[in-house]
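Starting off, we have a lone chain in the form predicted on its own, written out as structure tokens.
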């Protein structure tokens, strides 16, 4: 089975993540850094995609050259903060199909509640990459994977910017078959469910809503 947690420790990833963590980084810079770091994380999450060959003609001679095999990738954003990672990955994989999952946390039960769900068809034949910058408690992420599996997805990967140990454990318990790719495994969650040291609320910092 694939490794459940992969931390991408590439120097460029870590450098850009440090800039994103700084509280004085502007909204515009934060958005740009998120787009740049998503390119680098996309290399990691896609490096095991199946490859076949295609017969082509170069200016010099014919050859059998490698191409990605199978149906197009599906990228699914957990709204709203997931859109920042989604935009960057789409620049690398522009032919990918795109889906969206909308979840909010019920303040009384603390359980995720679905308010939007729209994904491509034929998920059982496609690799699905679910994206959300923060894996905190893991409840929303686990619920999103539940929805994807109900929709037919069998090959799912979860891509995030930061993960907390609590969220990784929750995902491993609920979905041990879904590998997690992240730029950092942080220390813990505080009493409000924020990742520490973290970078605050990714959605608010990305869209300037705080």
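Bear in mind that the values here come from a model prediction, so they are computed numbers and not experimental data. Residue numbers count along the first chain shown, from 1.
There is another form of this protein, the form predicted together with a small molecule, and it is not shown here; the text below is about that form.
A residue is said to contact a partner when one of its heavy atoms sits within 4.5 Å of a partner heavy atom; residue 72 fails this definition for the small molecule in the predicted bound form, lying far away. The closest non-hydrogen atom of residue 202 lies within 4.5 Å of the small molecule in the predicted bound form. Within 4.5 Å of any heavy atom of the small molecule in the predicted bound form lies no heavy atom of residue 20. Although the partner is absent here, residue 111 sits far enough away that none of its heavy atoms falls within 4.5 Å of the small molecule in the predicted bound form. Among the residues 134, 129, 101, 123, the one placing a heavy atom within 4.5 Å of the small molecule in the predicted bound form is 134.
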